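Before any questions on binding or motion, here is one chain by itself as structure tokens, the form predicted on its own.
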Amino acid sequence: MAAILLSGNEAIARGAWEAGVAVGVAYPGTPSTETLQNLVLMEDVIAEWAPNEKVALEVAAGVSMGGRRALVTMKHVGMNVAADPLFTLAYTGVSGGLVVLVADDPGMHSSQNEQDSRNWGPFARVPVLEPSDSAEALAFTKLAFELSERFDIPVIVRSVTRISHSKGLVEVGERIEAEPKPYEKDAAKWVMMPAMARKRRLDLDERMRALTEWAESDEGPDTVHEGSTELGVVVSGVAYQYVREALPEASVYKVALGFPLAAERIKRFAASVDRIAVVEEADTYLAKSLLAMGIPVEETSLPADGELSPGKVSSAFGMGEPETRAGIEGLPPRPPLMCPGCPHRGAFYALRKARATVTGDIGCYTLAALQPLAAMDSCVCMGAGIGMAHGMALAGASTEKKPVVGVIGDSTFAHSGVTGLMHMAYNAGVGTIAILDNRITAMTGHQGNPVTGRTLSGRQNRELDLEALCAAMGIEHVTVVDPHDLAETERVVKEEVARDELSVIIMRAPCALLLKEREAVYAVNDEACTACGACIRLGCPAISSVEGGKAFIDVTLCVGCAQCVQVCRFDAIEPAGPACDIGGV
């Protein structure tokens, strides 16, 4: 076997491949996205993007029922969407191994909340494996498929951002082809109507008992690092790395199987040390579990939110000073902004001029909530922009002077916006929905989706026809506009929000990062510029203010969208040169 550097996501993909996985399905979500993007490059595997995580898990359930091994990947909030099939699949069990990667995001680097996916274990009653580095990510993924088939249960592999995106040396092996299991009709196992579900519920109890016995045995994956008996630390996942660095003398019990816990093994460890503490991120899952076992867990001053680090662990145990943001304090803030040439900027420019209350959604366009656009009023979860717009209208918040507009991206609309729009149409809702179709799932790294028709394998298939879909719902007013054309976008928005019925505006223009060439770049004529600030208020990173308040355009960043040209009333922005490749000057 060879040792190579792999990220946690790459290692999980490799582990699934070595385990003989037949199909991988996912909706992209940071920090899990790269797993499927790596799996699709491997031989003898089918890998697909799904419209959402629920569909992904249901497809994988069908693969398992058909006797083959399947991997589903998602970020933590995606597990909320997939929970419906997960709970029942714990009852049905599996045929081919079924593994679910859930990647948590402590610190919310790219998420709207923190969740601890270890809690899905006891909630859904499915085993949860937690790797602490890339090597374990590969090994535990292979183990997950074995456990899934051995104990007739879906298995969760829980990762976090630092595992998913950091790299480590991993021993890689060869693929072992898992023999397909022939499908045999078995309604008592697969049809979860009440009479059959009651029996499978009792069967699940037996499977959990068998799994717990395995966890307590010498085969169980938990390990102990023997150190000083003065302090014992119980830990799981990436926190193990922080503890080993911060508390090198301590004895450490590393929980690999977060559910079901090997309670007797943990009790024996606790009895072998003078003091027992727990180090964990996001939630006090382990601490509460140990207290329930009757183990006196020592309180620490670990932060209740965000990511841990060796420094935070050291400080919590009185071994060092609290971490500071040295070298960062005093620097100017660098808030995230939409890219130069982003079509969403034109959409929100028009919505702000219409004085609209905008119920937003998950995507790059969420950045429109920030200054200088400040044109988005809410962002809760995938698809919520449509439902919340309808709710605001029902509450009487939409008026002629202050209309409510629901905004959603093309990928998010396919994920969970279709049903919200259907609800509005079905209930004769009044309001305007803007679908920002930038032809890609941009925020997670440019994946295809049903609206673009581009699959994970790169094949161009059918595109979801948004206009026809809206018409099929009975929505009579569906308008397509190019958001780079500011005057036309403003006119359409003004016209549609004035309607006393449901209307949809499809704002269609490709993501700026999809462009391979730019038609022109622009520069500011310093003599004509009056420092009015209109172009600055677009929030384009290529435009800045210089001495005297006048505008300056960095031609190395400009992509030639010409939005700034349209807002300048003094003709002070002019073409600066011929077309050239993006990235050139």
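The numbering used is simple: start at 1 and walk along the sequence shown. Note that the coordinates shown come from a computational prediction; the quantities given were computed from them, not determined experimentally.
We do not show the form predicted in complex with a small molecule, though everything after this point is about it.
- Site annotation in the predicted complex: the residue of 96, 431, 363, 106 reaching within 4.5 Å of the small molecule with a heavy atom is 363.
- This chain lacks the partner; the member of 382, 368, 143, 153 within 4.5 angstroms of the small molecule in the predicted complex by a non-hydrogen atom is 382.
- The chain is drawn here without the small molecule; in the predicted complex, the stretch among 461-469, 241-249, 440-448, 278-286 whose residues come within 4.5 Å of it by any heavy atom is 440-448.
- None of the heavy atoms of residue 256 is located within 4.5 Å of the small molecule in the predicted complex.
- When contacts are judged by a 4.5 Å heavy atom cut-off, residue 399 does not count as touching the small molecule in the predicted complex.
- Contact annotation: residue 29 falls within 4.5 Å of the small molecule in the predicted complex, judged by heavy atom distances.
- Residue contact check for residue 412: one or more of its heavy atoms lie within 4.5 Å of the small molecule in the predicted complex.
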